[in-house]
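Shown here is one chain on its own, the form predicted alone, set out as structure tokens.
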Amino acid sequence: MSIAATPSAVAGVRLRAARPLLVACGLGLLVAGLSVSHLGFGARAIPASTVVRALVAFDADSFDHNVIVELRLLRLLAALAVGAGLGLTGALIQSVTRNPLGEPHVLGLNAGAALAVVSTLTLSPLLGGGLPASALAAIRPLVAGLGATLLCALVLAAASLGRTGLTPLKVTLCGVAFSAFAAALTSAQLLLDDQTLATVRLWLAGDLSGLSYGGLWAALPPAAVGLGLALVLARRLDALAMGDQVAAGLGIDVARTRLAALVSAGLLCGAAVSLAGPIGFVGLVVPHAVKALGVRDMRLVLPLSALAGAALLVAADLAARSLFAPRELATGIVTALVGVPVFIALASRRRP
């Protein structure tokens, strides 16, 4: 005897199948709306109609058009790139470590990237009079990516020691410890070098001001490689989520997949940190928000995390510019105000 599906059951199945597309459309509209608001808001408010005209029919003689294209558009593009990169990095790390508290700030990627950048600036004068500023800006994303990857590798290696192996609690504790160690080394260098401190003081707070198009273009190639690698790994990450033994049984090379995901996360995080400094908690909040919307497949979680991360950072930067206008907060302060309560709530649910 066959059992016919009821209309409500069929509608439920169709709704679940269409959910990722609905989420993607909603996030796309949110990013578009926030972007127009971001371009229109500032010391001088500019109507949305003028913002759109500046983008589609730029007039070089218009003061408002020059403000939007030369100043605000650069900051918006950086916010979109940094938010997308951090959202993707968080989704990758949480998947590879199977740790819901995993994110670039907690697991040491941000601190490793900051330490590598500051060390390069400090040691640069010892290399035959120092590298030119343009060369330092060009290599900053790769230097930051290398620092992020190395420190995260140290965290995972230290957390895997012992009979219990790699557990979420050990990964979190090792991440916090190595982050504090890297931050101490960074602070020591800055205390001994006033010139480097003056150069990176605002950047270390996690801020999107003082950017250049050259820095943005330099960050895009490593970010693109990291994005491509993450998307290629998506199906393997789904297998890895079922456990190492199951993944190995399905023909997945677990060690190689983890290493590739770590390299991808390092490139994405390094590109983001090179632009905006060590901004925290975006990578923690975004993957949880995407999964709360009912999306579990990593082939969908990764691109949706990029969209949601971009939306979150554009909103945070908008808040940083408007809460105490005409003065501005660092964008990283706003993301920390949002992320810390989420981190505490997630940590309080974890069993030791």
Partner chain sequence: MSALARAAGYRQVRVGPLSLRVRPRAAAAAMVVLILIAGGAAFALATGSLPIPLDRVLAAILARDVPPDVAHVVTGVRLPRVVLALLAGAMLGLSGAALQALTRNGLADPGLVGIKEGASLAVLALILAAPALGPGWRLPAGMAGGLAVALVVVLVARDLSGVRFVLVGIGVSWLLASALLVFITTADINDVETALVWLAGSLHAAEWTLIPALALWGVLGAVLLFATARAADAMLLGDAAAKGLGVRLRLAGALGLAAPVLMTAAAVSCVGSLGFVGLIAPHMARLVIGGGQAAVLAASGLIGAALVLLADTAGRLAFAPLQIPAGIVMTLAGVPLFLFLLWRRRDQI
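Bear in mind the structure is a predicted one, so any value in this text is a computation, not a measurement. Positions refer to the first chain, counted from 1.
Another form exists, predicted together with the partner chain; not displayed. Remarks below refer to it.
Peer 1: In the predicted complex, which of the stretches 77 to 85, 224 to 232, 183 to 191, 90 to 98 has residues with heavy atoms within 4.5 Å of the partner chain?
Peer 2: Careful reading of the contacts points to 183 to 191.
Peer 1: Answer with one of Leu123, Leu169, Ala241, Ala138: the residue that has a non-hydrogen atom within 4.5 Å of the partner chain in the predicted complex.
Peer 2: None of the other options qualify; the answer is Leu169.
Peer 1: Even though the partner isn't displayed, in the predicted complex is Phe281 close enough to the partner chain, meaning a heavy atom within 4.5 Å?
Peer 2: Flag for Phe281 set to yes.
Peer 1: Even though the partner isn't displayed, in the predicted complex is Ala260 close enough to the partner chain, meaning a heavy atom within 4.5 Å?
Peer 2: No.
Peer 1: Please check if Val176 has a heavy atom lying within 4.5 Å of any heavy atom of the partner chain in the predicted complex.
Peer 2: Val176: yes, in contact with the partner chain in the predicted complex.
Peer 1: Is it the case that Arg256, even though its partner is missing from this view, gets within 4.5 Å of the partner chain in the predicted complex, heavy atoms only?
Peer 2: Residue-level check for Arg256: no, no contact with the partner chain.
Peer 1: With the partner left out here, which residues of 86 to 108 have a non-hydrogen atom within 4.5 Å of the partner chain in the predicted complex?
Peer 2: Contacts from 86 to 108: Leu101, His105, Val106.
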